[in-house]
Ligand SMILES: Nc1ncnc2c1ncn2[C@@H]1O[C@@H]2COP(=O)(O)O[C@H]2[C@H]1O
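In structure tokens, one chain follows: the form predicted alone.
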């Protein structure tokens, strides 16, 4: 068995897949047909799910957990392009373009993935206009996030760390009683996302916490006010 394949776990997979945001408001019969061949697997943290230059035989839905999308720059340094969590999908571009994958995908925590055969995903887009619109909106949101991060690459360290937190809040934040909650990722991941040294990220997070702009627990960073954090961007 390929080391990138985790243990099958279809016990709760069907319910989680049907509840995935991508399928919401689509006709029930269409969803059932599109998801009939999806296989769910549970993967441990640190497992490579996809490698750059793999061929796109499947599209993947995150049913639980977290993954990072990474590539490497010309100097061979790892660059984290995105962090995706429950309800997101990845690997959707390669089947559409019939080209190899352009990035690696690695789990950051124990993660449940539903894999849909590429031909089923393409058939869904061809037969259901709302699915195509849903995918277009997803691509537009990701492009907007990347453009914003690129504009801030020359900003000061505080702005860049704040922007990464806002980026995660936009993609993966959940509203709690005391603010928006995002995963408390290892500082090396925040470092790669921001393009800053890990020591710098640690120092900035401490400053933001002292200012009351964030609070940290073992698994969660809490942002009491998105607007207050957003005002740091310069």
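Residue numbers count along the first chain shown, from 1. Since we're looking at a predicted model, the values are computed, not measured.
Just so you know, the form predicted in complex with the ligand exists too; it's not on screen, but the next bit is about it.
Although the ligand is omitted here, in the predicted bound form none of 181, 183 and 229 has a heavy atom within 4.5 Å of it. Among 112, 94, 125, 108, the residue placing a heavy atom within 4.5 Å of the ligand in the predicted bound form is 94. Heavy atoms within 4.5 Å of the ligand in the predicted bound form are found in one stretch of 126-134, 86-94, 158-166, 112-120, which is 86-94.
Contact check for residue 101: a heavy atom falls within 4.5 Å of the ligand in the predicted bound form.
The closest non-hydrogen atom of residue 142 lies within 4.5 Å of the ligand in the predicted bound form.
In the predicted bound form, none of the heavy atoms of residue 196 sits within 4.5 Å of a heavy atom of the ligand. Using a 4.5 angstroms limit between non-hydrogen atoms, residue 81 touches the ligand in the predicted bound form.
Contacts between 60-74 and the ligand, taken as any heavy atom within 4.5 Å in the predicted bound form, involve only 69.
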